[in-house]
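In the form predicted alone, a lone chain appears below as structure tokens.
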């Protein structure tokens, strides 16, 4: 059985579990260059048969709209046979106590899948899956820990907007303690440019984990922390907004203390740079007002399309290699 390992400029047959698997900017650029090719396929509106001999299974133990459909769309645009399985927590043998390791082995046997895409509420779920799988695993969100394919699409969006991935000031706002998207994106920004500055904006109770801060700082990344978004809104190139994630709070009153602590509205945006972008992994609750949707600096819907292109690229690279 295979486990995840460093890419070392080759993706074929390897699981994608963590941003920490990247050794260099070059590896990320391989994905982006492949995503550029995938974008052309979609724009031509012609389904490609690159993966017509492959079977891809999606196992989602948590609700998902964007990640689930973009992976499904990515596989279908490349001609793969797809086995989409939603609601694993409610309708699979997990209800009877089956371990994740056994579920991964079972799905491989029952579907003959060449690759398995997994979303699961446990932090170490993707590692467990990769260690017990006969085929590559793609982490589509593991607990509060990481969401590496979201980080790839996020940075691809930034690259499309600024034509670069370094020399950027990025503010990450909201639930930085529980949010997995910010952790993966921060690590990726750190890898891609030592001149990138990351500003974490959150209430004191939802600050980014110390281990993440230490890793970023040890790599030479300039990191700030503040609870005041007004202090930085006029200085940043990218505002990456996340919701306060109610599902991770044990008590309703704890959630209510921080719910709605940041709101992106016209008043706030009037102080932001003319050349900047607002991003959000979605879903949003009340942290970005709908009046911002028509602001040309709002990129959270375009951001979703980046997920289709980059996930197509990852499927191609893992199943077929770099050539």
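Residue numbers count along the first chain shown, from 1. Predicted model only: the values in this text are computed from it and were never measured.
The protein also exists as the form predicted together with a small molecule; that form is not presented, and the subsequent description refers to it.
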message = Between 66, 39, 273, 297, only one gets a heavy atom within 4.5 angstroms of the small molecule in the predicted complex; which residue is that?
response = 66
245, 132, 161, 82 - the one with a heavy atom within 4.5 Å of the small molecule in the predicted complex = 245
note = The stretch from 226-234, 194-202, 177-185, 102-110 that lies within 4.5 Å of the small molecule in the predicted complex, judged by heavy atoms, is 177-185
ask   = Applying a 4.5 Å heavy atom distance criterion, does residue 150 contact the small molecule in the predicted complex?
value = yes
request  = Flag residue 283 as yes or no: does it have a non-hydrogen atom within 4.5 angstroms of any non-hydrogen atom of the small molecule in the predicted complex?
outcome  = yes
inquiry  = Against the small molecule in the predicted complex, would residue 119 count as a contact residue? Criterion: heavy atoms within 4.5 Å.
reply    = yes
